[in-house]
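Here we start with a single chain on its own, the form predicted alone, put down as structure tokens.
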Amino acid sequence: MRQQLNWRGAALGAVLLLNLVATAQGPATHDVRPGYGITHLAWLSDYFPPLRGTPGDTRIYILDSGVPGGTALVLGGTHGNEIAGVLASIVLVERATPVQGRLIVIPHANNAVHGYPDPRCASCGPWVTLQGPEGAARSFRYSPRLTNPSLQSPDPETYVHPSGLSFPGEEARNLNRVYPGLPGGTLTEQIAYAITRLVIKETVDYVFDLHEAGPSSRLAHTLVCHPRALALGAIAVIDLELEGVRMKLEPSREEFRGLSHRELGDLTSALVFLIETPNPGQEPGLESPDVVADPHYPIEQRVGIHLELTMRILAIGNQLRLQPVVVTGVPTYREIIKTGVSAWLNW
């Protein structure tokens, strides 16, 4: 049974004061061109009003078939430098058409990562540009991993999650360390809280959190599943191997507190997945990485993995007679490898 988060009304005044400086800046904007499948536009602040007008607010795109079924949520941009997840989310917004159930897409889950230099991110743009037909081009923000430090209090020496688990202080600005969030917390915790509220209010059945890691990281080419979603993920990984893509399968362990796949899976009945693809821009010591046209890990390969795994998991769930979410118009892994990402954007 879904548990409702406590709404700590007494803390809202403090939250509004915390957000005063952030509100003056407002949310970053992005080049996203909704396709015919989009039926509603929303804001993350619709689920937690104190975010309205702050850099933590972000656009939500809803594709509702009008046919009863399940609901899937796709999160891109949890980390600003994980561009394949952002682009995969934008492809869904611009090309997907729902047939049954609903698809909810947030291309920039943490919209507060932009606008500051990060010396540890040599490849951070601030833009990644894709070429389109007849000389057209589109640029997408390629930003640091963590929330802009100017938008919340200085990092503590140690960030202590409400579960008691400790992280280095800068992880207080890591959206994927602070779930399920706090209504009276930092801007990053408020973003996590709003996403958690969305999952509960919309009775989401599937959550896909799209990430990237350095190619030498143990997480590269990994599908992480909440324990209740592990069997579904295993079938999808086997299916993808038939396409020539080998993915590792990892369960979300109990000590993974603060992470989306653990906290959202524990708090709600949603089946939660986190997908990691190998981004050369996150490889330590690599000089001048090309996060789009790397010869070993090109953007079309990484976007293709995100989309293929997401769609396969939904298809397997449909076959197993779980809450059905049927979406058409999404390119397969093979199609994206053949044509590139640009062919699946709106120009």
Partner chain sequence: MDRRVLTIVLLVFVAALVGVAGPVFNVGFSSGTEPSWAAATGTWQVADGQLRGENGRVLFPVQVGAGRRVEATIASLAGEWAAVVAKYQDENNWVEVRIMNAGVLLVTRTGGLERTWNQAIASTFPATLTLAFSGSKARVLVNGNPVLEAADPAWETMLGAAGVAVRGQAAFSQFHASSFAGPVLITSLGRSPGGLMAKVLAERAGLVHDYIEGAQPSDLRSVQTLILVLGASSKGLGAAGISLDDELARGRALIAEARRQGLAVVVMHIEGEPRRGALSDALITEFTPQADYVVVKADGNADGLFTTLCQAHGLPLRTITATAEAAEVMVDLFSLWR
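Predicted model, so just to flag it, every value in this text is computed and none were measured. Residue numbers count along the first chain shown, from 1.
Another form, the form predicted in complex with its partner chain, is not on view; read the next lines as being about it.
Checking L267, C121, I235, V99 against its partner chain in the predicted bound form, a heavy atom within 4.5 Å turns up for just one residue: I235. Taking the partner from the other structure, its partner chain in the predicted bound form has a heavy atom within 4.5 Å of a heavy atom of A231. Put simply, F256 is close to its partner chain in the predicted bound form: some heavy atom of it is within 4.5 Å. Using a 4.5 Å cutoff between non-hydrogen atoms, K248 counts as a contact of its partner chain in the predicted bound form.
Contact annotation for D239: at least one heavy atom lies within 4.5 Å of its partner chain in the predicted bound form. In short, of 75-83, 192-200, 154-162, 240-248 it is 240-248 that has heavy atoms within 4.5 Å of its partner chain in the predicted bound form.
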